[in-house]
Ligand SMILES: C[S@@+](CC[C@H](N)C(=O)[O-])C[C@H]1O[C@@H](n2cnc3c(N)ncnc32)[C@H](O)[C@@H]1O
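We begin with a single chain expressed as structure tokens, specifically the form predicted alone.
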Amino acid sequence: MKRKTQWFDDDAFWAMFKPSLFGEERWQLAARDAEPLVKLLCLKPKAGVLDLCCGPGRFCIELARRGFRVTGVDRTVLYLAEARRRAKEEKLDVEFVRQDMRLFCRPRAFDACINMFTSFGYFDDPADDLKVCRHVLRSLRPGGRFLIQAAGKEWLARNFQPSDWREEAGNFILEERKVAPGWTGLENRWVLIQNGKVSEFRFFLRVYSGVELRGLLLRAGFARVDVYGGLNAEPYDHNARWLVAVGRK
């Protein structure tokens, strides 16, 4: 039975906002963050790593450069095409798979899985988030780790802005946000003004607090979950910019 189409199935969204989401600065940040990421995951040489929602392959490329065996999974053809091109240009052996993150499962195939840059919480049904975590758990070898990097609910509440706008390469981007009932997430409206044309997209993003994300991973079956405020294992406190949860099988 064909599933209901959701906002993230709209390729126009990912194409139009690609320069904003994955500009050169984002690639530079991936190069900077790769080493602390490797350390936090306790990766051994030539370990197998799954990048779930890999986008155009920022971390796939960086990890492959360091000799890890990398598989990137994403649903967006445009992003996977760029990821494959970049890997080919550098003669890096990276596997890329086009699939919905809720469906991908490869039992005991990986030593670690990463989900970066708030690529979690897209689905209408929170049970789908649990399903993803359980599939990741099955895909990990014993002792494997699953790392999620997201904007935590605590940071979002403390720094909440109902709207902002910016100019990028002559284009204007307006972002409006509304807190969903019970702080379950954010209802978003993004508007892009490009060459005089106005494009509008609306989407819901479920957000987690530290204790909620830890509880989700434990419920999925992870034996231990540590929560940090960044990839350098900073404490998740009032100063934390990111919510980083690491579940261990």
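Residue numbers here begin at 1 and follow the sequence given. Not measured: the values here are computed from a predicted model.
This next part talks about the form predicted in complex with the ligand, which is not shown.
4.5 Å heavy atom contact, residue 106 and the ligand in the predicted complex | Answer no; every heavy atom of residue 106 is more than 4.5 Å from the ligand in the predicted complex.
May I ask you to check whether residue 75 falls inside a 4.5 Å heavy atom distance of the ligand in the predicted complex?
-> Because a heavy atom of residue 75 falls inside 4.5 Å of the ligand in the predicted complex, the answer is yes.
Answer with yes or no whether residue 79 is in contact with the ligand in the predicted complex, where contact means some heavy atom within 4.5 Å.
-> Although the ligand is absent here, residue 79 would touch it in the predicted complex, with heavy atoms inside 4.5 Å.
Would residue 99 count as a contact of the ligand in the predicted complex, using a 4.5 angstroms cut-off between non-hydrogen atoms?
-> Yes - in the predicted complex, heavy atoms of residue 99 and the ligand come within 4.5 Å of each other.
Option touching the ligand, based on a heavy atom within 4.5 Å in the predicted complex, out of 140, 83, 116, 94 = If I apply the 4.5 Å criterion carefully, the residue I get is 116.
Counting only non-hydrogen atoms, choose the one of 150-158, 83-91, 163-171, 120-128 that falls within 4.5 Å of the ligand in the predicted complex.
-> Careful reading of the contacts points to 120-128.
Which residues within 13-37 place at least one heavy atom within 4.5 Å of the ligand in the predicted complex?
-> If the 4.5 Å heavy-atom criterion is applied to the ligand in the predicted complex, 13-37 yields 14, 22.
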